[in-house]
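Listed next as structure tokens: two forms of one protein chain, kept apart as structure 1 and structure 2.
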Structure 1
Amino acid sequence: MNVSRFLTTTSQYAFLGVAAFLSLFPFLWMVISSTNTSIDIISGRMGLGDAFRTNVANFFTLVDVPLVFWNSAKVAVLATLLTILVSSLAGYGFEMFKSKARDRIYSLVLLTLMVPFAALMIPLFMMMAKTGLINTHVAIMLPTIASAFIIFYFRQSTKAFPTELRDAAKVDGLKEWQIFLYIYVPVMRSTYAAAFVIVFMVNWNNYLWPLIVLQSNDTKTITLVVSSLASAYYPDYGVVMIGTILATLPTLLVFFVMQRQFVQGMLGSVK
């Protein structure tokens, strides 16, 4: 091995090493800090402390953890399932039943991709206020269900769905909805898995809309709880760390279990 080759290899490792360290450090910091007191955290203590149990205990006194977790899980899972159902129906419909009118509508649907949420939140808030849905989880979910991204993702993936399967099913006398449910869904399960991972992440981490709609403590999700704990005048960072761990754990878990689907979904939904 010559010297210049060795040098570039070393510098590549150095570059990656620094990047990986910086990427992982906040996660490490989160774990270390969960064992420290608030004072130690804001004065940058890097060692493990002995305040972990106190922090957990304080977190559980301040926050109704099972309820908050239930709220988050309920909203994220339900909204995700509904999004996937409605959007896969549409993706399948647009691709399988092509017509000029529907293709024109599809372009309009794609156009909604560029609508920023900031321009929707005021009318949506007024709409929810008028229908008495403020402070309900239904209000959180309704505007998130129809997603042009996911419709697009399903339409693109449907192009790979073997039409012979559909023709065979038709010959067997299956109705269109039966073909969708009993043939399309099982065949496309990896597409569904990837979509699930991506949409679940988005819903679990959703912040601005819940911040507007959920106003009482018994409806709040984990992201709102972490945010309000951290924006106190003198936040107890030990407690905040327990919150960030609980908020991050489910998405980390989903990521590690379904890493392949995650990357596939991420690339696919925006391709």
Structure 2
Amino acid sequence: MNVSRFLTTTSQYAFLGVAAFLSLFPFLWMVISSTNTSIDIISGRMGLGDAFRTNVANFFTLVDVPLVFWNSAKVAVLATLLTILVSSLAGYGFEMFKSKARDRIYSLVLLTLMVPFAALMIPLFMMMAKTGLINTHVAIMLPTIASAFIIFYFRQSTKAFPTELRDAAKVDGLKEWQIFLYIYVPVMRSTYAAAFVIVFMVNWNNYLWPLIVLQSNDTKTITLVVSSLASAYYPDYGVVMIGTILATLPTLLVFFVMQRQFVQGMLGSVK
């Protein structure tokens, strides 16, 4: 019995170790490659080099780093906050307010998840062009505010919200917006944290739609800049790796800072 348990535990840890290595290897290879020259990277060298400072200096020479990160941060943070605000209100409303048309409307919202973004690009571009929003960050944020997945996530999480709190608040004379702001939001803070991590990562790493609507270098985000460096006629892969590391750090920071709340939110924890 002990032998079988030992073998089971060993196999589990071995599997998890292999999975962890496969998950971390791309990031490890990216860090190692950032210290090598482009020729060394192309040749497949896996050892640390001495070109890290040169790659960093070249990246800061080619890219206006403060402007690019400001553009990315502005788009990611504002779009995330607006998405969470709209989606949490919608999820709260779909769960708390009962009507004959509620489930039909909710089903239509979920059906939008089946529409690929490739089918929406041209209509969205025409809408932004007619409203004069091309080459603006507003054009990036508007299509992402009403997220069907985040609405679904908030409604499912709201099912665990104690209805007794809402009933007691109504007895005390609180209005619906006060119940939402002062009771629902604090109780569902882990859900908000998990949604913030998910939406922030999506907006920070957004590539295709910004590539279509942003046409000047002054408005481009970090993902577009790194992509342009990689698609140059003679790309310097050491510089590209530096840009990729810098583009990855904000999402890693957000995730590690909110890791505990993220796990609680994904498990449906309500406090």
Partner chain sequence: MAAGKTGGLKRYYDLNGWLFIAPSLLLIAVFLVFPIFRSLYLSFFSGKGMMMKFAGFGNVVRLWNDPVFLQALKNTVTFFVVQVPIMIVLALLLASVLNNDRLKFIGFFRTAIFLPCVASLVAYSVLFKSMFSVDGVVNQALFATGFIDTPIGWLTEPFWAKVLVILAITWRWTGYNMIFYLAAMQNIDKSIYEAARIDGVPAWARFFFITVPMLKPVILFTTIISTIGTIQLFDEVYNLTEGRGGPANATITLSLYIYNLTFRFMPSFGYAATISYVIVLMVALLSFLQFYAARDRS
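Values in this document were obtained by computation on a predicted structure and should not be read as measured data. Structure 1 provides the reference sequence; residues are numbered from 1 along it. If you superpose the two forms and keep the largest set of C-alpha atoms that fall within 1.5 Å, you have the rigid core.
Undergrad: Between the two chains shown, which is the form predicted together with its partner chain?
TA: Answer is structure 1, the other one does not fit.
Undergrad: Once the rigid core is matched, what's the CA displacement of Gly17 between structures 1 and 2 in angstrom?
TA: Residue shift at the C-alpha: 4.8 Å.
Undergrad: Please give the CA displacement of Phe255 between structures 1 and 2, in Å, after core superposition.
TA: Phe255 is displaced by 3.0 Å at its C-alpha.
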